[in-house]
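Shown below, as structure tokens, is a lone chain in the form predicted alone; questions about how it binds or moves come after it.
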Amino acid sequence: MRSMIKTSLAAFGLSAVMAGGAFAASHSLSGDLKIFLDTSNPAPRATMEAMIAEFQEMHPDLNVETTVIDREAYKTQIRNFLTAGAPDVATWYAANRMTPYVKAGLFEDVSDLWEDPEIAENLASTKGAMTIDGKQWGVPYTYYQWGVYYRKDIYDELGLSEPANWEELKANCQKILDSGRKCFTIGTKFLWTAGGWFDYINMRTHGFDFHMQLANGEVKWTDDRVRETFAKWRELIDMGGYIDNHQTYSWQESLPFLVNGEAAAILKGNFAVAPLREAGLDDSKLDFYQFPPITEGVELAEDAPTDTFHIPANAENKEAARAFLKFVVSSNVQTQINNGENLGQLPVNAMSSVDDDKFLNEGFTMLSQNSPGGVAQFFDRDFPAEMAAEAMQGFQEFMVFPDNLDDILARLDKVQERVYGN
């Protein structure tokens, strides 16, 4: 669907920001600016269109044309439109999901934007996710936190505190088990949820850089350090820490265990909060903590899937495209597009403000101030698609049959050789 953006600036609520704002253009932009979006759902689409309308009004000599494509269709079309008939700006995702297009020479190097101190400082937590071969290939516009959402009332009943390290997490788990509950609910029917557990235990045991080396095929799955990650994970499995038969549940089907008090916590993204609230868990019962350290001295890195804007290498109006990317990441625009009435997620600019929502505020503080180790994109975004699919199948198998680990890791080594050619 194609539409010319002429939405009223007042609808976006940033008219005061526009006048003399720090990100206002120093000179007028002109020509055509073609923007492709994959934000086809109604709320994200309206947010993006209103933001673009503000940019249009800042640059009246610029003709902005926006094309909105269904997200799943966008994924199959992106290589084609980047190759021929490329827009000037296109939405996509960070980290490994952008790698094929960087390697194919289809995304523009925008490292010059990241040399701006205001961007370099305020977007520091996401720079690694936008970096390949020492260069930056786009800018983020929204992300959301992962972490442990737990039943505060159950913790209070059992006299538990948020764990400060892995040993405290296991000690809490044992008390929860002793009370007749499970420590964690999870639904691994669709595999990806187990990827979050591997991400966190691997990053907390060995750090972000090691995790990325594994993602890049530079470390074998049979490496002793990877085995150590699985050994830590097995400590929870052997305790009986997870709900039974989790392989038969989707993540949504795993939520009633938390709502009903049969499990005390879930490791999940912030998208789980809305359905938990709708099911009756108000904020007096539901709380959040950052996944605790495992290896002392390893800096804390987080899973925070990040949506991004890029300039195709074949774009025609790169000057206007760069101005648009700079506009998108400004603190005021980040505050507005991510508020609860719009995307309802977290701004990537550390100088932005967040809606008065308990979990958004905790996530924003965690990602902008308490995650010095970096931001990962989640397992199936950081690892190549075939490697991710096979590995997540292995994770589910390991959680059900942990004695199969040697066979699982040997299989993953073979997949790695095929995927990476090493």
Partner chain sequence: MSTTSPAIPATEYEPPRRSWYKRNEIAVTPWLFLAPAIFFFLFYVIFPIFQSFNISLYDWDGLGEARFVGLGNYQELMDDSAFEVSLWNNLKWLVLYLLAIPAGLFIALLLNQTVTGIRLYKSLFFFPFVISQVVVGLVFTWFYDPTFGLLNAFLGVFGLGPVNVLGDPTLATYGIIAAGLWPQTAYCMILYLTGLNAVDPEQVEAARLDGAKGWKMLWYVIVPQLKPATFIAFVVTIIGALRSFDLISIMTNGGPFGQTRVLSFYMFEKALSEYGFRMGYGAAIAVVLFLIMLVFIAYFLWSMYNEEKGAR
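Residue numbers count along the first chain shown, from 1. Only a predicted model underlies this, so the values are computations on that prediction, with no experimental measurement involved. Think of the rigid core as the biggest set of C-alphas that the two forms share within 1.5 Å after superposition.
Heads up, the form predicted in complex with its partner chain isn't pictured, but that's what we're talking about next.
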Distance check, Ala104 to its partner chain in the predicted complex, heavy atom within 4.5 Å: yes
Exercise: Ala410 in contact with its partner chain in the predicted complex, heavy atom 4.5 Å: no
Exercise: Ala43 in contact with its partner chain in the predicted complex, heavy atom 4.5 Å: no
Proximity of Lys152 to its partner chain in the predicted complex, heavy atoms at 4.5 Å: no
Residue (of Gly340, Pro100, Gly85, Gly280) lying close to its partner chain in the predicted complex, criterion heavy atoms within 4.5 Å: Pro100
Heavy atom within 4.5 Å of its partner chain in the predicted complex - residue from Glu49, Glu65, Asp355, Glu390: Glu390
Among 33-41, 392-400, 366-374, 51-59, the region lying within 4.5 Å of its partner chain in the predicted complex by heavy atom distance: 392-400
Non-hydrogen atom within 4.5 Å of its partner chain in the predicted complex for each of Lys135, His211 and Leu300: no
Heavy atom contacts to its partner chain in the predicted complex at 4.5 Å, residues of 56-82 in sequence order: Glu72, Lys75, Thr76, Arg79
Exceeds or equals 2 Å, Cα of Lys103 between this form and the one not shown, core fit: yes
C-alpha of Arg71 off by 2 Å or more between this form and the one not shown on rigid core: yes
